[in-house]
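Single chain ahead, by itself, as structure tokens, in the form predicted alone.
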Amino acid sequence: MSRIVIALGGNALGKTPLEQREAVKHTAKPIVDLIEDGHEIIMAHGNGPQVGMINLAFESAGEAPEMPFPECGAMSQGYIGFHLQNAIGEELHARNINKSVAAIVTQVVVDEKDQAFKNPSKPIGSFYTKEESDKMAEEKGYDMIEDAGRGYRRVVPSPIPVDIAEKDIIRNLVDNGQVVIACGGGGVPVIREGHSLKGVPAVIDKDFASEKIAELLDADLLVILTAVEKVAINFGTEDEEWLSELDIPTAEKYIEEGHFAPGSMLPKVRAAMKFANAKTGRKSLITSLEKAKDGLAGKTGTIIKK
């Protein structure tokens, strides 16, 4: 039996509540396959489309008060967790597996001195014209950038997680045989102010949040699920090469050569490396949701190790 943290990619969730409710039924099956095999499972998930939808709903609501981004993140954790825990719970029940599923609204502690706060880089929410963008920057103090020719968007910092506020609750549930969904969308980013935790307008990469909870819970394996079965170099070219295994020095070399896209595979590889490098014997696996069980059996996926 292994303790496994699974980071669900965006392809495992729908973009609307109705679409998501159907999508998670398919997501639940390979997850419960792993539980049925005796593994302890902690799940994290993305929330990019969902948190953008929530943010846009409040922006479009006329006289409604502006909803701070940390609260939007918490809302997304709640409704994504609601759908996931119901789908997984239903699949567990169908297989007569006596386990409960709990979604924890998770606060992820970041360092207020993190350099990311001086360099907001994560686009969120809607697209705007140049005129609308300039007005929002002036009236609301938002950092705005032009995003890939599609318009202007607000950007927020993406700091590195340093702690998980609810780690003891999550550990207690897992130690007692339950299934936990945590760190949704990277968690609600907070900074410590005395005895208080204060939400900050930022987005934590869900792969790095997954890596942090995997470290804190002393997991055996971090599994990062994405749209492809393996990591590739020269992706999309005639020299494309799919990798079954990566050690840390080779991964560093490929990163320096620019093989992994910053907005997709690069954070996954970096998070996988960080976990594998944190303690002797730890490994990370990057593969697709459908191939997770085969990946654990060594039949596919990319294993990252020291």
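The first residue of the sequence shown is number 1, and the count goes up from there. A quick note: this is a predicted structure, and the numbers were derived from the prediction, not measured.
This next part talks about the form predicted together with a small molecule, which is not shown.
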Quick check on this chain: which one of 226, 158, 86, 107 has a heavy atom within 4.5 Å of the small molecule in the predicted bound form? 226
Considering the small molecule in the predicted bound form, find the one stretch among 196-204, 218-226, 136-144, 170-178 with heavy atoms no farther than 4.5 Å from it. 218-226
Does any part of residue 231 reach within 4.5 Å of the small molecule in the predicted bound form? Heavy atoms only, please. yes
Taking the shortest heavy atom distance, is residue 235 within 4.5 Å of the small molecule in the predicted bound form? yes
Distance check, residue 58 to the small molecule in the predicted bound form, heavy atom within 4.5 Å: no
Answer yes if any heavy atom of residue 259 is within 4.5 Å of a heavy atom of the small molecule in the predicted bound form; otherwise answer no. yes
I have 9, 265 and 268 flagged as a candidate spot, so tell me whether each of them has a non-hydrogen atom within 4.5 Å of the small molecule in the predicted bound form. yes
